[in-house]
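So this first bit is one chain, no partners, the form predicted alone, shown in structure tokens.
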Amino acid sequence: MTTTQPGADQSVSDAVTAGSHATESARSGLSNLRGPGSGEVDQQRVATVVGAALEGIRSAIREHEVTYEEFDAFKRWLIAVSDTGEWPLFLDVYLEHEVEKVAAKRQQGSVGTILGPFWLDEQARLDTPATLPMRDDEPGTPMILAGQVTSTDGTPLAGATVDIWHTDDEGWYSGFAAKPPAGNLRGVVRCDDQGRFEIHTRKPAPYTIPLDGPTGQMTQAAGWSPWRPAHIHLLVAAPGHRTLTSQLFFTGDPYLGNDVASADKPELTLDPQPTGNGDEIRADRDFVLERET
């Protein structure tokens, strides 16, 4: 996650730094954000899903006549993904959007998208109106994100929370890169008694996935764009309701429609407007949560 161009001199590997933190975060219980599971292993389900996945790979080998040289290169790539801790990055970039599409078929309320690998638990808890933790000289365009959280029947959800995180103006996530301090541009904002929130932050920047690791190298070898459009991550939650996982994008971003993670959607695009307070901009976005069943 950097705006640094390929081939730039970097003293610390982006892939190893981000990969190790993403792996640790994934181990810490991300499944809790997705809702309760059955806790049971269905042998037939495992056989069906894993069997279909393996047959897809075998079919690609047959159809494209994969050579032993290519097969050995694939094995080395898998080892490199493991060594750098990039499994969360690779899976979230190239597969999570399909899982999200399946889940969305059974969901109501606001449109969501993928979580991605850069969420962190136990961030600053703030009351609205809130300013996210940031450096005194935090670069970037000042931005306000405001709105209201309601249930599908229109009831305002008092005390709902908006867990928000995004990159800084250089495309770095705090907690996954050395540049921003811990907790930078992250927070869990509690809404007021009408479910309203107002969050003061900085507009994030587009970034590439780490290019020095196996996921970025595979992406470049295939000639695919490694860029993600600028976006804000959100987990919107309220007691008795399904937590919404979403991202918000920006009109005019050159990488919209070509997101390496396939997570951008027209319904999730913001069009911030000047507030008249210097170069500050503001975007309003309401969220609707469905009740848990």
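Quick caveat, the model's predicted, so the values are computed rather than measured. Counting begins at 1, following the sequence as shown.
One more form of this protein should be noted, the form predicted in complex with ligand MBD, which is absent from this view; the next part is about it.
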Only one of 178-186, 203-211, 142-150, 70-78 has residues with a heavy atom within 4.5 Å of ligand MBD in the predicted bound form, and that stretch is 203-211
Let me know the one among 85, 216, 116, 112 whose heavy atoms come within 4.5 Å of ligand MBD in the predicted bound form, would you?
-> 116
All of 157, 245 and 288 within 4.5 Å of ligand MBD in the predicted bound form, heavy atom check | no
Residue 241 near ligand MBD in the predicted bound form, any heavy atom under 4.5 Å?
-> no
Heavy atom of residue 261 within 4.5 Å of ligand MBD in the predicted bound form = yes
With the partner left out of view, is residue 191 within 4.5 angstroms of ligand MBD in the predicted bound form by any non-hydrogen atom?
-> no
Quick one: does residue 197 come within 4.5 Å of ligand MBD in the predicted bound form, counting heavy atoms only?
-> no
What are the residues of 223-239, in order along the chain, with a heavy atom within 4.5 Å of ligand MBD in the predicted bound form?
-> 228, 231, 233
